[in-house]
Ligand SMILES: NC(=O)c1ccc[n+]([C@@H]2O[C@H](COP(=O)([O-])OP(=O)(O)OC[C@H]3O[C@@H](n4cnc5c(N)ncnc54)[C@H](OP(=O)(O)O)[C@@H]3O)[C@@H](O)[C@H]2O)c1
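Below, in structure tokens: the form predicted alone, a single chain.
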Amino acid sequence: MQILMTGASGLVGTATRHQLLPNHEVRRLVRSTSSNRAVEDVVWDPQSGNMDRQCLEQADVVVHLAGENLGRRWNSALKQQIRDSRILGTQLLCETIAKCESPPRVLIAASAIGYYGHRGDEELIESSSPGSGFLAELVRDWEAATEPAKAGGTRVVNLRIGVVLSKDGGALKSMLLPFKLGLGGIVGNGRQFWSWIELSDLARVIEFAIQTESLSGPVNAVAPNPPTNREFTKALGRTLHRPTVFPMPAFAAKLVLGEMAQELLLASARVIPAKLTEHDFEYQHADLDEALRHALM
């Protein structure tokens, strides 16, 4: 298949390209300011609304992964940047798809489990109601921006992605140094659920979503059996052979990281991959201890 991908040079995009390239042709959709453009890359500009419709006419599949990194202390300007990086790009992409005479058959669009907000120990499946807060509102609008593509006849899958386990980026990478120094510990009371997925499994989920025609709408891209933060902390300590006795109290997390701590570290989302289970997706790294060992290889 001809696959067009945004965010292809990011953590998830790089892994997904490697997963898809043996069997498909993958072209990157890059911003006009990109410094590492290749000849075969396609240029777009979500800020100005410029995009060549022809590249979409030629694509069988679009994988849309672009978005500003969340892992910094938020302020008003950064929150607007986070919103724009997701909403503007998705609107441009999907409105252009809707104008195609021969649109892509499938759009795999990144989303996030932030949709559910802070929900304690409630089990959350794809049909669960949205939560509240900045991330929940962002994800609702992000997914709504894919509606024009859906209305135009393209099958749309909104992947609600959990914490991605990789030593090369994301939350796990930022945790490694303090844990290796023996300074790791639970965050807050440790009872909040952290729903995760190992990076190579996420790339396989994306390929599975492309191939599975009966899969559409929101799909929870997480491993089964989400652990609490305490369980995750102990598992990481075991993997690194380090103690985990230095907790970060909730007030300290909020003091250092502000609103971002409340919504990313202290919020509890016990997310269940109901649709992937229903469609018999086979995880390679469903056990947390094994997944951490693989991620840190």
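One-based numbering along the sequence shown. Because the structure is a prediction, the values reported are computed rather than measured.
Only in words, not in the display: the form predicted in complex with the ligand, which the text now covers.
Of the candidate stretches 176-184, 92-100, 122-130, 68-76, only 68-76 contains residues with a heavy atom within 4.5 Å of the ligand in the predicted complex. Note on the partner interface in the predicted complex: the residue among Thr154, Ser200, Thr212, Ser85 having a heavy atom within 4.5 angstroms of the ligand is Ser85. This chain is displayed alone, yet in the predicted complex one of Val26, Val30, Leu265, Ile272 has a heavy atom within 4.5 Å of the ligand; that residue is Val30.
In the predicted complex, the ligand sits beyond 4.5 Å of every heavy atom of Leu276. Val219 falls outside the set of residues with a heavy atom inside 4.5 Å of the ligand in the predicted complex. Contact annotation: Gly237 falls outside 4.5 Å of the ligand in the predicted complex, judged by heavy atom distances. With a 4.5 Å cutoff on heavy atoms, Leu11 counts as touching the ligand in the predicted complex.
Although the ligand is not shown here, in the predicted complex the stretch 145-170 places heavy atoms of Ile161, Gly162, Val163, Val164 within 4.5 Å of it, in sequence order.
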